[in-house]
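Presented as structure tokens, the chain that follows is alone, the form predicted on its own.
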Amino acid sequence: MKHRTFFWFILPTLSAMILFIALPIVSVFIQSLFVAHEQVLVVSESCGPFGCTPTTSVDLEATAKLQEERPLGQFNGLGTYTNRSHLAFAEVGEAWASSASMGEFFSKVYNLPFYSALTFTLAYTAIVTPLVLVLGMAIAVGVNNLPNMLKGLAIFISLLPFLVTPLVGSLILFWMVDSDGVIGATIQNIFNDPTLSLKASTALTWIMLMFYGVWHTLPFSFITFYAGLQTVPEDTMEAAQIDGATKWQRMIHVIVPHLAPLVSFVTLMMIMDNFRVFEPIVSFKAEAHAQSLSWIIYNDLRESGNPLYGSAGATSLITIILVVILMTPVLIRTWRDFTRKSH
């Protein structure tokens, strides 16, 4: 294809990527370099029979004029990225210098808001993503081996969690694990402890959120792998069966390599989706035990009367960079597979 033809072919896609991806990211980065203006204070004296008393008040008109003249706020450079609410370079350095052991150092770093949220987000992504991949593949193979008359019903049941919106689904599970709910009451009866609550423990809260994450995203990997199973060459499967390969060997040496591109695709989608975990934290009211990077952004933006746009922008940029880092191994593998096939 000629260069000129190729340019006009990709121009619509390139324009859409610049308009809807590049420009918003650049906009967020610019906003993250600014912080809110300080309020203009006015000191006046109130004098009476017993002398004068200085009084400090906010000059609302001057503050509004300042915000109108410079709506982005006060330039702060990269200071927002390094302050205590984000990478906290100074606090991490102080923790490293004052800690007697690695455990104490990590404990101090974990108490910083950004690193606490980063820990939960990474743990959620690292646990939910492989579980969704493995269970989705297992269910797809199981449904594919069912008699035809049962496949439709099995597919419908498997897709039910995907039909429920995340907010409603997490609210349903929130009620189920409550002391009055089915799961919560059952666990209390099993352990004969009426005070036992899944919401009172950080570890149990994390498990509950991850269980919900697997339950809600499993249909996506299932239906993707099930569609891929329909494209496995029958002659290859028959040849492997004639050669004496067991079901497990056919699974490992025929089906999984055939579905490798779909595995890469589902992995990329799951990493991006799980890294922005947010809805279950809000619905479960689990902020006391689990905070994610997305929840920090949400919390900055809902600051009453004074949204922290710069802080939210900095957290968003850091989140994007971390997602790219996590996706890099999968992208490299996909690129190598593509170049190997093209040769």
Partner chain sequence: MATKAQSRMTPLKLFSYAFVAVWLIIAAFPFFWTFWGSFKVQADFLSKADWMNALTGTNTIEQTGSAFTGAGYYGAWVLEDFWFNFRNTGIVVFFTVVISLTFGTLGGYALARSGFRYAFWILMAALVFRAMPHITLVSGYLLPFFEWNVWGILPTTIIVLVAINQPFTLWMLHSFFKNIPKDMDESAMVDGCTRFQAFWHVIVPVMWPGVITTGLFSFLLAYNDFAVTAMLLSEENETIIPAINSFMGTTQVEGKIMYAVAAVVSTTAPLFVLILFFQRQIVSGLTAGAVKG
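Numbering follows the first chain given and starts at 1. For clarity, a rigid core is taken as the largest C-alpha set superposing within 1.5 Å between two forms. All values derive from a computational prediction rather than experimental measurement.
The next section is about a form of this same protein that is not shown, the form predicted in complex with the partner chain.
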{"item": "Contact at His3, Phe9 and Leu146 by the partner chain in the model of the complex, all three, heavy atom at most 4.5 Å", "value": "yes"}
{"item": "Touches the partner chain in the model of the complex: Phe220 (any heavy atom, 4.5 Å)", "value": "yes"}
{"item": "4.5 Å heavy atom contact, Thr165 and the partner chain in the model of the complex", "value": "yes"}
{"item": "The partner chain contact at Pro261 in the model of the complex, heavy atom, 4.5 Å", "value": "yes"}
{"item": "Arg276, heavy atom within 4.5 angstroms of the partner chain in the model of the complex", "value": "yes"}
{"item": "Segment assignment from 167-175, 76-84, 112-120, 94-102: heavy atom within 4.5 Å of the partner chain in the model of the complex", "value": "167-175"}
{"item": "In the model of the complex, the residue from Ala245, Val254, Ile207, Ala138 that sits within 4.5 Å of the partner chain by heavy atoms", "value": "Ala138"}
{"item": "Stretch 35-49: residues contacting the partner chain in the model of the complex, 4.5 Å heavy atom cut-off", "value": "none"}
{"item": "Core-superposed C-alpha of Ile30 shifting 2 Å or more between this form and the one not shown", "value": "yes"}
{"item": "Rigid core superposition, Pro71 Cα moves 2 angstroms or more between this form and the one not shown", "value": "yes"}
{"item": "Large Cα shift (2 Å or above) at Ser311 between this form and the one not shown, core-fitted", "value": "yes"}
